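Below, in structure tokens: the form predicted on its own, a single chain.
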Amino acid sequence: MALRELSSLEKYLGLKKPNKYTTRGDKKIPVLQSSNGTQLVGLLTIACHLVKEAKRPELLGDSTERRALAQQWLEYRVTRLDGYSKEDVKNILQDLNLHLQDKVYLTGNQFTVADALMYYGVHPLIVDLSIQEKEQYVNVTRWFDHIQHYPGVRHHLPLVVVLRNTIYTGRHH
């Protein structure tokens, strides 16, 4: 999965020459053989390298605080989402829902590489949610739908239908 994510990130970043990746170990950790012969190992390391290679530093955050928040969510992606269990899903969605309560993106009002990689990681969770569950995590659903329509991000993933109409009008009859 990580290899397709990195390929999609390359396309989003507009990198013309696709990199060659391999994987390492049982967990299939991505490895990039760089042009100078060194190996870059790990989804986050490679993603940050690609952002710098594309000369798009704003995608890592435009301030010290936003860079720290982007890094925090990138770490969350690898430590909590990669290899999650069915029991973890509710906690992951609750964490995200609470964090996104007053934010458009994970770092506030600016799209970062953390949004793209979290979107890729959360996609399998959202696909499996019922309409009622999507309503339960309304902030995650809003963010997810926004990111899946963000130009150039979705690439290899199918579109997830998110209802925009509320089921209940709130009127008393």
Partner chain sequence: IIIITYYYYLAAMKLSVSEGNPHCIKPLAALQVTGVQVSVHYVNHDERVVPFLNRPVVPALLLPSGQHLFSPNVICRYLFEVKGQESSDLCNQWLEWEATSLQPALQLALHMAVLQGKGSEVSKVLQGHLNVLEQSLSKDNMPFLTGVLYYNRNGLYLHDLKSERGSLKTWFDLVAAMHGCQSTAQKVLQGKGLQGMKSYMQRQPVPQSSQCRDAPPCNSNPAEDNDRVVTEEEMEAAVLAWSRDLNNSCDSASRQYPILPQEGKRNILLTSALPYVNNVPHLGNIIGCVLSADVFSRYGRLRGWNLLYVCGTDEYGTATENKAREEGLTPQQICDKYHAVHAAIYKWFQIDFDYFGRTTTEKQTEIAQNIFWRLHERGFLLEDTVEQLRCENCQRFLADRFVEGTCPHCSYPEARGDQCDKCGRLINAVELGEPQCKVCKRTPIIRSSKHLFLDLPKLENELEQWLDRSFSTGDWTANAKQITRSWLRDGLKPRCITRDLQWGTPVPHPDFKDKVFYVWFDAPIGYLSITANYTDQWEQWWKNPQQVELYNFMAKDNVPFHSVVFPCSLLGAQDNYTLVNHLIATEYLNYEDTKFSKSRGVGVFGDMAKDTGIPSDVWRFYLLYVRPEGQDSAFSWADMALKNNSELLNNLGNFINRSAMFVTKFFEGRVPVMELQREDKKLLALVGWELQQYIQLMDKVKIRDALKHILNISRHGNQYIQVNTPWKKIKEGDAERQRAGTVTGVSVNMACLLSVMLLPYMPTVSQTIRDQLNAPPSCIQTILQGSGAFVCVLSAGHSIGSVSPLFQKLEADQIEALKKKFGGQHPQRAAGTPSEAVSLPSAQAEVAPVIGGDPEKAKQLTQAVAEQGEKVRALKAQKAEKTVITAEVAKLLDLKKQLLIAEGKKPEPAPQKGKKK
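Note that the structure is predicted; figures quoted are calculated from it, not measured. Positions refer to the first chain, counted from 1.
Form predicted together with the partner chain: not shown, discussed below.
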If we define contact as a non-hydrogen atom of the residue within 4.5 angstroms of the partner, is Thr107 a contact of the partner chain in the model of the complex?
yes
Please determine whether Leu59 contacts the partner chain in the model of the complex, using a 4.5 Å cut-off between heavy atoms.
no
I'd like to know if Thr64 sits close to the partner chain in the model of the complex, meaning any non-hydrogen atom pair within 4.5 angstroms.
yes
Is it the case that Arg142, even though its partner is missing from this view, gets within 4.5 Å of the partner chain in the model of the complex, heavy atoms only?
no
Going through 62 to 88, which residues have a heavy atom within 4.5 Å of the partner chain in the model of the complex? Please give them in sequence order.
Thr64, Glu65, Arg67, Ala68, Leu69, Gln71, Gln72, Trp73, Glu75, Tyr76, Val78, Thr79, Asp82
